[in-house]
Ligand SMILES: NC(=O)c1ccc[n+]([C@@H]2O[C@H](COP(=O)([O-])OP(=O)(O)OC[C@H]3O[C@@H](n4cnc5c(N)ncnc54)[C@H](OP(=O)(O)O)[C@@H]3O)[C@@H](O)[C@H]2O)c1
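Okay, so here's just one chain, in structure tokens, the form predicted on its own.
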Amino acid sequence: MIYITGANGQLGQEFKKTALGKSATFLDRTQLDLADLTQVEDFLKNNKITTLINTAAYTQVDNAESEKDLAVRINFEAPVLMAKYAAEKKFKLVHYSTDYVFNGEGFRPYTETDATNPVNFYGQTKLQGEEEVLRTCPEALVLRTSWVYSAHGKNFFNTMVRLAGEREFLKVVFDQIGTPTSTIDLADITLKSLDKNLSGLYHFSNEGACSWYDFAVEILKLKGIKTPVYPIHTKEFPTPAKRPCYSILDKTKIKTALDTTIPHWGEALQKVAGTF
């Protein structure tokens, strides 16, 4: 049986549109709450699992600075439990990590072997989770990704569309550089990776690079929204958690392993915006 956690999250909802939509069992927070480790262990003990795709995560970067225990349970302790049972019961585990495991002080795209050094607590929990998952179950697949968005759920894409309808103008930081990743392509690469039975750590995002400002401008352009967007420095928009200023991921490893190409973030955005 294939199980997918985080059924109501943006990636979980995307998987419902794939070939797994009718064959997998989707678990939302009411059915499997990763913050409840007893519930997680009971699920892992009592179900016959062939594949477990863990799309659930604590992703509130700023709140993680104050809700540390919760972030640790969801991003570290629960995935490690999954890895323990995956190793014991011989099922496939897919887990997702983040570009925020890097400090953003680099000057070229980060590879899987580059040194990690997260600058916020969210990144720390995701790094601890990915490392211990692979230590506990080397056959697991961990996909590091970045700036994930879709047409549904809480994410930058929907936030910009909503705010543009509420405000006369928007201000968005231009000095944080990364790559937006569509859940359409993230779900697709996950399925391709499962077909090839990949294991270990891989980077995946769409191709190209932009700032949050560039991303916002293109979102509104494609949605036909005329609200002005102005670039600002990160220091003009202080947040509880620091963000890496550069977090582009090098995807050579997964492109080589799957012999595949990856859509540019602009092309992927057109599909999400419904203009492709």
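Residue numbers run from 1 along the displayed sequence. None of the values given here were measured: they were computed from a predicted structure.
Only in words, not in the display: the form predicted in complex with the named molecule, which the text now covers.
**Student:** Can you pick the one in K68, K221, R29, H233 that has a heavy atom within 4.5 Å of the named molecule in the model of the complex?
**Tutor:** When the named molecule is considered in the model of the complex, the option within 4.5 Å is R29.
**Student:** Quick check on this chain: which one of L198, V142, A187, I74 has a heavy atom within 4.5 Å of the named molecule in the model of the complex?
**Tutor:** Contact check passes for I74.
**Student:** Sort through 106-114, 158-166, 130-138, 90-98 and report the only stretch with a non-hydrogen atom within 4.5 Å of the named molecule in the model of the complex.
**Tutor:** Result of the contact check: 90-98.
**Student:** Spell out, yes or no, whether the shortest heavy atom distance between L11 and the named molecule in the model of the complex is within 4.5 Å.
**Tutor:** L11: yes, in contact with the named molecule in the model of the complex.
**Student:** S247 versus the named molecule, in the model of the complex: is there a non-hydrogen atom within 4.5 Å?
**Tutor:** S247 lies outside the contact set for the named molecule.
**Student:** Find out whether any non-hydrogen atom of T51 is located within 4.5 angstroms of the named molecule in the model of the complex, and reply yes or no.
**Tutor:** Taking the distances in the model of the complex, the answer for T51 is no, it never comes within 4.5 Å of the named molecule.
**Student:** Report whether the minimum heavy atom distance between A56 and the named molecule in the model of the complex is within 4.5 Å.
**Tutor:** Result yes; A56 sits at the interface with the named molecule in the model of the complex.
**Student:** What residues of 130-150, in sequence order, lie within 4.5 Å of the named molecule in the model of the complex by heavy atom?
**Tutor:** Result: T145, S146, W147, V148.
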